[in-house]
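A single chain comes next, written as structure tokens; it is the form predicted alone.
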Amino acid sequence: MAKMEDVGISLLNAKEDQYEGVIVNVEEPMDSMAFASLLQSSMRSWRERGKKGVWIKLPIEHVNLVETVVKAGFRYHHAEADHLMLVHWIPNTADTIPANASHRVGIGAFVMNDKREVLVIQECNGWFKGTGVWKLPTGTVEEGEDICDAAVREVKEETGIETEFVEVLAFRQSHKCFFRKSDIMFVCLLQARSFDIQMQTSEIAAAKWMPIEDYAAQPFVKQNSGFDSIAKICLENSNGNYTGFTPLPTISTSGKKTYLYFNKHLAGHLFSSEDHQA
């Protein structure tokens, strides 16, 4: 956990980041008083070396050190299932440590069969429980999951229907939703590859194929501007009058595969057909 510097002072093991800061990952059990002494010496060393942001990652099994770190001037940045991250800005300048993630990302899936029927569900829980409202399948994008994959997964989990992602039709942003976070939901067009519904009974009260005109004509949909706008977009798309954004596989600066969503009908000439195969 600690190392000896040339001057004979024990310091915490820390990895330098790309922003003139350091990251401490506490891996071994340690007495809180001993940790406080190491942290004090380390902070002095980091300050003398001109370091800026200090990140301390405390796995859940080292919860005994939280009070010590907070008393040293650190604040909570975020918490995960297995660790707590605390941060501190050393210099007397504007704190530029980025805030924790501010948004949750979700999907709504528009799936239609060849009879112009849309796949709809009624939920067992949440705002729509017991309302009788038929809605599109929705869900949350998981960490490390792409929007296009999340839409296919959620439809499969909730209804058993196999689908293929086509495009993003629209998206909306709302604020102060889940734990004060903002929320972005992408309305996605999927093409059905199976039609026999096998409902997920733990979350879904009912599921069926419903004529798209009947879905759009529901009183709740007509009276709610957000739902009504989405229904109109889906109707226009089903009539061939509206197109959305298709995923284009790309590589990020870190070398990881990612997707750029673009309107292939307006800019398809920029890429070959192989480029925009999702």
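This is a predicted model, so every value here is computed, not measured. Residue positions are given as counts along the sequence shown, with the first one as 1.
Form predicted in complex with another copy of the chain: not shown, discussed below.
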Which of 176-184, 151-159, 108-116, 190-198 sits within 4.5 Å of another copy of the chain in the model of the complex, heavy atom basis: 176-184
From the list Ala216, Ile233, Met210, Met43, which entry has a heavy atom within 4.5 Å of another copy of the chain in the model of the complex? Ile233
Since only the chain is shown here, I'm wondering whether Ile121 would be in contact with another copy of the chain in the model of the complex (any heavy atom pair within 4.5 Å). no
Consider Gly244 of the chain shown here, and say whether it contacts another copy of the chain in the model of the complex, taking contact as heavy atoms within 4.5 Å. yes
Quick check on Thr131: any heavy atom within 4.5 Å of another copy of the chain in the model of the complex? no
4.5 Å heavy atom contact, Val168 and another copy of the chain in the model of the complex: yes
Contacts with another copy of the chain in the model of the complex - residues in 191-213 whose heavy atoms fall within 4.5 Å: none
